[in-house]
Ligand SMILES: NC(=O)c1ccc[n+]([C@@H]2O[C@H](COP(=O)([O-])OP(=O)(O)OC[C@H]3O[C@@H](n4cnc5c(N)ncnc54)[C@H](OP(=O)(O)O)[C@@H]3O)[C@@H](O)[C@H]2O)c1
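Listed next as structure tokens is one chain, alone, in the form predicted alone.
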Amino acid sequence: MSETASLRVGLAGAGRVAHALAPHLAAAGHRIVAVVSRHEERAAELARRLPGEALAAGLPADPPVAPVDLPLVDWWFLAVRDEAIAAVDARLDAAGAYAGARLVTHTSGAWSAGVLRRARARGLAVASVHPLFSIAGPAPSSLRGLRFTVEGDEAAAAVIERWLAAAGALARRIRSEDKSLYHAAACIAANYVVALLDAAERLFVRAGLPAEEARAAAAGLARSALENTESLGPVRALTGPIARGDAATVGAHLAALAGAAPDLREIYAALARYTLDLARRQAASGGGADPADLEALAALLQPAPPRGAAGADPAWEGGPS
């Protein structure tokens, strides 16, 4: 499978990932000949946006209730929810859609190519390709400079990498056994950043900022921190009270959160404990806080003992008020 000729692609899924990536498959010269989805109308909508005359159809039933007339496909590209990959793989196989195919891929960051058991049992090359960028708004007009990770069988991974290289994207191979760890990192960098910005926005509003200003303030501050982190690295980019070893300010934060947003106090404390390690590394590099101040912060940030634990003081609140 070393040739770079156009492949006939069957697309399973018509959601955000499919809408984001299908045009770039077509732009690379591959021919999307079929789009199948649980919702046939969504498949038809996506097919209309693509060049050529792709067949739009509902996802084959399992087991098939009638012969499924799908065109010959070289590459089945599954852009479906993680929990649906195995079922879609089984349905396509049962419908005979894999007859004549050469490779099957999916776009999950969490699951390896091994979840495509039916395709692999048919002797097809399988791989996963995960976009390492957020797909929430408009689809990217270009993949140039965007990052993807690839894992799976060499023959299928090589096809994906040629497509991405032609589009100017950046591809990195990862090991199948590392996908869960990799995906946890991706969730922290994307999903949990969004959650933390929501928390910051809530607190800004609670502190008196108008809602529209609160969102802009949180996003602007985060943007500058991200830019500094990218250029300097996290240790040098760290600023704020923990980087300074300012236990009084952190204690005031904990007390304010205990009264105004107790659900966020635990999140704040857990993040502060992690940030303390960054501050220690900053101090060890010759800058940052006095180590004694950092140890005072560590004592302040110790988790509270479980209620009712032996020796625990029921009046202790985990820090000064």
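This structure is a prediction, so every number in the text was calculated from the model and none was measured. Don't overthink the numbering: it's just position in the shown sequence, from 1.
Although not depicted, the form predicted together with the ligand is the subject of the following passage.
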4.5 Å heavy atom contact with the ligand in the predicted complex for all of H39, R91 and S134: yes
Given the stretches 171 to 179, 234 to 242, 79 to 87, 204 to 212, which is the single one in contact with the ligand in the predicted complex, using a heavy atom cutoff of 4.5 Å? 79 to 87
Using 4.5 Å between non-hydrogen atoms, is T105 touching the ligand in the predicted complex? no
Using a 4.5 angstroms cut-off on non-hydrogen atoms, would L300 count as touching the ligand in the predicted complex? no
Heavy atoms within 4.5 Å of the ligand in the predicted complex: does A14 have any? yes
Even though the ligand is not shown here, does L59 get within 4.5 Å of it in the predicted complex, heavy atoms only? yes
